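First, one chain by itself in structure tokens, the form predicted alone.
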Amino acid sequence: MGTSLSGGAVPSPGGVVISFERMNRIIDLDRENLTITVEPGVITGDLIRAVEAENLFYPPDPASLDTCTIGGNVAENAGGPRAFKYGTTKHYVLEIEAVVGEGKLLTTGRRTKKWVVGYDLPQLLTGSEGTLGLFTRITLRLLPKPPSTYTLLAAFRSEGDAARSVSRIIANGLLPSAMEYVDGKCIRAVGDEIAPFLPKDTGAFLLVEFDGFGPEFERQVERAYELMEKEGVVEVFVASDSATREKLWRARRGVLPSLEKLGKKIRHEDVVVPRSRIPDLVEYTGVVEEETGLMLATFGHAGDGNIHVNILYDEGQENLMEEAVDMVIEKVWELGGTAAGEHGIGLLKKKHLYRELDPLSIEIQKGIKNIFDPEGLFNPGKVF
């Protein structure tokens, strides 16, 4: 809980924190209709394991899945590695019960796959960062569990080779369930403790996962390997069993904790660019490093173009860090991207919201906020 990377869960001065930690029940798991109803304090990883025990599947899988909650995921519209194929949290929210306004209880949505009676308020509440109400019950849709999964971890000599492989794979009509990018600085931070199998000259790696069944599924795996070979891949590690897949995924999920152990402060920027422009963004981080003297480490969901740019700095370098942030965001906009992909606006990105959205859009959103929360009680000081 409280895993927000944009300050969304940090209380304003004088604010009151409401914890949903004890509202952690799975209320109903409906196998026949592929839905699950939960309280907001359910840990995401616990939900995923509960539905997989029933041979079902809940795709959203943020990196913090063993500590973050479903309520927080809905509030932030969390994504994760599988978002490329399966979408983000908003694609699975069917019904929300929430406390809004002056203590009124709102239930909106339906536990059906289709629903168009009135405005889609569940989608409006999803991603609202706690500014419109307090979630008390959430119904999510599920999928049948894919019968087979193959994971490829491909080591490349350079970050550019890895980034170009992303576009090559997608341009050839392949649809991985996840496609993760990790640069050389992150690899060095992870080190031999987590990823001893990586070749010493690895400059970046892609973790590409496919799920499905039948010959066509297996052909996609083979084709991905062939395409990465054309970009100078050094070595490819393949896993089809859960133990080996977990070993490969540790190399990706261990990145952020490993960066945090370097003893630096970290500003996490959660940007998105068109997939074809990932190489341009990765190359530009080197320019930012040269001008600011700071280290920029990048990883993220390459299939979505969602790259997490991590700016590492020391006490007293806050101005340089802010300069680096502004340079990165300006480049992202130049490349046709957006300043926030899945971590929300919170406290840290408010100035970017005012530059990315036009004044009318902001005026409408503030009007919506006033309808749901006329007293300004819900997560004050966030987003706007």
Ligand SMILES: Cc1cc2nc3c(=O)[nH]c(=O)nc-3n(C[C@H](O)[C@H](O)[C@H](O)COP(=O)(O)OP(=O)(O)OC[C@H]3O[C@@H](n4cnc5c(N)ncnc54)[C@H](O)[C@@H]3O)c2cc1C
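When you see a residue number, it is the position in the sequence shown, counting from 1. These numbers were taken from a predicted model, which means no experiment stands behind them.
If you look for the form predicted together with the named molecule, you will not find it shown, but the lines that follow are about it.
Looking at 154-162, 232-240, 102-110, 72-80, the stretch with residues near the named molecule in the predicted complex, meaning non-hydrogen atoms within 4.5 angstroms, turns out to be 72-80. No member of the trio K85, T149 and E218 reaches the named molecule in the predicted complex with any non-hydrogen atom inside 4.5 Å. Proximity of F372 to the named molecule in the predicted complex falls outside the 4.5 Å heavy atom cutoff. Taking the partner from the other structure, the named molecule in the predicted complex has no heavy atom within 4.5 Å of any heavy atom of P176. Proximity of G303 to the named molecule in the predicted complex: non-hydrogen atoms within 4.5 Å are absent; the residue sits far from the partner. Within 4.5 Å of some heavy atom of the named molecule in the predicted complex lies at least one heavy atom of F135. In summary, among the residues E129, D211, E95, D280, the only one with a non-hydrogen atom within 4.5 Å of the named molecule in the predicted complex is E129. For the options I48, C68, L348, L335, the residue carrying a heavy atom within 4.5 angstroms of the named molecule in the predicted complex is C68.
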